[in-house]
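Quick heads-up: the structure tokens below are two forms of one chain, split into structure 1 and structure 2.
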Structure 1
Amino acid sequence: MKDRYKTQLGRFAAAGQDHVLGFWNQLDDAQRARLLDQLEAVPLELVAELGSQLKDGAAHAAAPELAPPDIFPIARSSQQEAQARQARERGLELLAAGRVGYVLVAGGQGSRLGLDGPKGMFPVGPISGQTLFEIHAARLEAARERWGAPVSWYVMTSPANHAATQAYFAECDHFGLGEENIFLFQQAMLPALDLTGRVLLADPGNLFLAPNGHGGTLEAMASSGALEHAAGRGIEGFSYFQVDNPLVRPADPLFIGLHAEAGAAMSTKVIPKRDAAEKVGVIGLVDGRFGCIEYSDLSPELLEARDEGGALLYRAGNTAVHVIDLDFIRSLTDGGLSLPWHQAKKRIPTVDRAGARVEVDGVKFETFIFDALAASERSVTLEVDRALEFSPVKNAEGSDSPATTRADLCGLFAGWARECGCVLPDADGAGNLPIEVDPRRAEDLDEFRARLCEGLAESGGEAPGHLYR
């Protein structure tokens, strides 16, 4: 440990940050080892660069030129329907050949939802109580059965939940997908800085570390060996999605096929904004390059602008669901992550030079996955139905909460059952019709109807309970 200490003291002293070891004599051996682990993982050149940006101040760039993207819409012309049929065939070929890997971003904790553990362990199944992890795994199991190719599932965790996620996957026997088909890797962390660029400590024996943003998924895939693992399996691209949305459809032949047919490097699924006032980032063109336009960057005139059919021009609400080519990720991570860094300024609890607890103005740094769109010469923006594909669990109450997600799930499944003439249960105390459809059985109305007919034939006319509860 002595040699490790000397090495890190030299590194951080040369960077003018040796205060991070100022409490060394107060730490026990376990605390010292943990601190050295943290220090060894800090990219000091990057920290110095980010600190310089703080000292130089933010440059005032000219207002960007904004434009809406070309959207492949929900309501399609006959020509677009023909294009969709061809794209589905291409997507089916890629899925059946095992050319698509699945990347799940699952580094968050469920503390905001009252769960002491990874957010992916939060139960959202309206009746089954299936967790987010279980629902995503069920969709991938369904993809394996439909397309006949092994699943290659890449799950990004964080230092805060990696061990718990590993244990949960093992406890669930890796959801029947096979341990060899699941690759867990960790997101990198960066120290927070004060406004002078000084590294902050959470306490005398720990840096104040924060995740490097969902854009860090790309760098983590490269540094963890996930990219090489995927390449060895013949994977050419990834379906990227986040853990909080149980309606996401990672194995979507239309989306994957449209992306491939367009020769795109990165593409996005979007949902139509509910109205002009909905505060959500939209996919569009920023100075001629693809990207995500923040709500606050759109003037009142642009927020209300309409196309010839009366739809909002800037309606492509970002769902954080992408298809990303493997070689494109390599190009963005060769020699370091080529994404801009964003600053999140806030009051940060830390310790002063005497070890007393204080709060200071500080900055956390993060990258955003959608910034990678700017490097993609071609990109597909596929519009999908919010009711079918997007209902994230983010907040304990109100919008995007467990209550709204469960209501959305029940509403979707009850609609399928009603359309097929099934007997519906009474509403529960929350006003929902308690119905749940296992994604391994059906992912849309047509598949539900087909499965229901199969079940009716097998049972002599009685609706099968395994399809819906």
Structure 2
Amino acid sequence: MKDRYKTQLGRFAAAGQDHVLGFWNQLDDAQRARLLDQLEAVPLELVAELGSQLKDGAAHAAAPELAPPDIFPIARSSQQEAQARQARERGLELLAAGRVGYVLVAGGQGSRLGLDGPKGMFPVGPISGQTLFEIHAARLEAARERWGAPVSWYVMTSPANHAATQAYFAECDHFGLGEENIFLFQQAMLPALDLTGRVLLADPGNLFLAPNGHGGTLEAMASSGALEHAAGRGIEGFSYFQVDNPLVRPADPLFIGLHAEAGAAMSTKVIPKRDAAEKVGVIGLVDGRFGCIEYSDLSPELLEARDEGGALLYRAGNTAVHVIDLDFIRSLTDGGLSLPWHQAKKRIPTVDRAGARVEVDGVKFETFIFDALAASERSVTLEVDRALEFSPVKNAEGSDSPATTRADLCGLFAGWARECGCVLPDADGAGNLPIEVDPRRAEDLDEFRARLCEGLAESGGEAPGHLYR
């Protein structure tokens, strides 16, 4: 321990950050060992670079030139319909041949939702009470059953929630998907800095660490061996999705097929923005490169800009669902990935020099997966129906909250049941028709009609709800 201490003291002193060891004499052996583990994992060169970016202030480059991307739309011409049919075939072949791996990112902290544990353990099934992890697993099982698509599921956690996620997967018997088909890997954490670039402590024995953003997925896939594991299984590309959206369809033959047919390296599913004010990033071309333009980077004129048809020009709302080629990730990570760092200014609970608890203005640093789009020469932007595919749980209340997600799920399933003339239950206290369809049984109206509609128990509206599974 003495040698480790000396080494870290030397490193951090050379970087002008040795205050992180300022409480060493007050720590017991276990606390000392834990702090050394944390210090050894800090990339001090990067921290210095991020600190100097802070001190210099954001260097404002000239305003970028923006353009909307070509969108493969929901309303298709007959030529696009033919293209979609062919793409679906190709996607199905790739899925059935096991060429597609699934990447779920679940390393975030869910701070807006106010959770302590992994967000994936949050229950959202309106009747079943199924958690986000269970619903995603059910979709993968559904793909395996329907198309014989083997499951290779790569799940990113962070050191803050890895053990809890691992324990939950074990407790759920890996959702029947087979432990050997699930590869959990951890993203890296970075210390938060104060506005002068000083590394912040959470308390005398711990750094204030935060996950390095979903852009950290690419690096973590390479360093954890997930990429080579996938290559060994014959996987050529990944369906990437986020833990918070229970409507996501990771095994979508159309999306996977369009991406492959276009020879794209990274592609994105988008939803039409509800209106100009909706606070969602939009997919577009930034100085001729693909990217996601933050809501806050669009001036009021650009937010309101319309195309000839009168639709919003920048309407391709990012759902954070991507297809990403394995070779693309390899090429990005081979030479050391350099996605741009984004700063999130926060009040950070820390300790002052005397060890007293205080809050200071500080910055967390993250990279974003969509910034990798800039390196993709070709990219498909597929428009999908929000009601069918997108309802993330982000906030504890209000928009994008458990209440809106449950309402969206019930609304979708009730629509199918109504369409098929099923007896509908009474609305529950929240005003939702309590209906839930297990994705293993039906993923869309056609499947619902074909597989579930007949033989439904007539509840006469008395039953608390229908759970179709």
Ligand code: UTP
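One-based numbering along structure 1's sequence throughout. Basically, rigid core = biggest C-alpha set you can superpose within 1.5 Å across the two forms. Bear in mind that the values here come from a model prediction, so they are computed numbers and not experimental data.
Asker: Just one question: which structure is the form predicted in complex with the ligand?
Answerer: It is the second structure (the form predicted in complex with the ligand) rather than the first.
Asker: After superposing the rigid core, is the C-alpha displacement of G288 2 Å or more between structures 1 and 2?
Answerer: Result for G288: no, shift under 2 Å.
Asker: Taking the rigid core as the frame, does P439 move its C-alpha by 2 Å or more between structures 1 and 2?
Answerer: Shift of 2 Å or more: no.
Asker: Core superposed first: is there a CA shift of 2 Å or greater at L50 between structures 1 and 2?
Answerer: L50: C-alpha displaced by 2 Å or more between structures 1 and 2.
Asker: Quick one: how many Å does the C-alpha of V363 shift between structures 1 and 2 once the rigid core is superposed?
Answerer: On core superposition, this C-alpha lies 2.5 Å from its counterpart.
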